[in-house]
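Only one chain is given next, in structure tokens, and it is the form predicted on its own.
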């Protein structure tokens, strides 16, 4: 009986912590949205964060997109070859990259590189009391630290997704045509026929949404961390895990709505 009571007590505490965390995230989200539309717009900070999130993530996005397209072409070829439909490899790669893999993998890579860095940087500022110093100077930390990062995430993820889509399709072409011997005209023609602008636009909308998620959660975990240096590492890990899970879950619902 005692063990049962302890088990229910632990379950109740877990539920309360989860509800409290969700409420804290909601309050943080509202605060960010309120300060985002209040002047002044700090363009210098926004461009600095766009460089950090976008330009410095370019290499890993190009590498990920290229090899994803190459693998899709290779696997698609072996599947379509059974039905003598090898020419469909190009459209499969293009649709897969523009609709799903481009925005999702780009968001996951940027989460691992930039989202974790946001949490670590803000967590370190919290430990060293730099955030408290902003309050003392009558500068709102959310406006000064969080809003530029969130805007940068929303703006740069679609641009990185375009790059990932392009290099993914290009990688699929170089595997499909020179290596596997697929007719180049059929490869390209199927892409132009079956891939529409809606597929590209919807993928970019997904990317912008994912950019908002990873930057919001990365900043939230760093901004609200506790526990000193150990807490910084914990906040960084939690930011990556929470952002990645949220991206994958939201991808399903966005796909169900858009397509």
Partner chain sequence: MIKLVDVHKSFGDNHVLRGLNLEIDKGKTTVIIGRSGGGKSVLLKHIIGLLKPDKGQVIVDGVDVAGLNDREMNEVRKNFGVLFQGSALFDSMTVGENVAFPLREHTKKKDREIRKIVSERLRAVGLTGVEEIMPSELSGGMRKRAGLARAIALHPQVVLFDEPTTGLDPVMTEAVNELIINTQRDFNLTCVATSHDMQSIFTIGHKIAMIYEGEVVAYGTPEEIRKSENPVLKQFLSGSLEGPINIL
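Residue numbers count along the first chain shown, from 1. Since the structure is predicted, the reported quantities are computational estimates derived from the model, not experimental observations.
The following text describes the form predicted in complex with its partner chain, which does not appear among the structures shown.
- Contact with its partner chain in the predicted complex, defined as a heavy atom within 4.5 Å, is made by all three of 125, 133 and 144.
- Proximity of residue 234 to its partner chain in the predicted complex falls outside the 4.5 Å heavy atom cutoff.
- Among heavy atoms of residue 137, some come within 4.5 Å of its partner chain in the predicted complex.
- Exactly one of the stretches 125-133, 175-183, 76-84, 109-117 approaches its partner chain in the predicted complex with heavy atoms within 4.5 Å, and it is 125-133.
- Residues from 27-45 that approach its partner chain in the predicted complex with a non-hydrogen atom within 4.5 Å are limited to 42.
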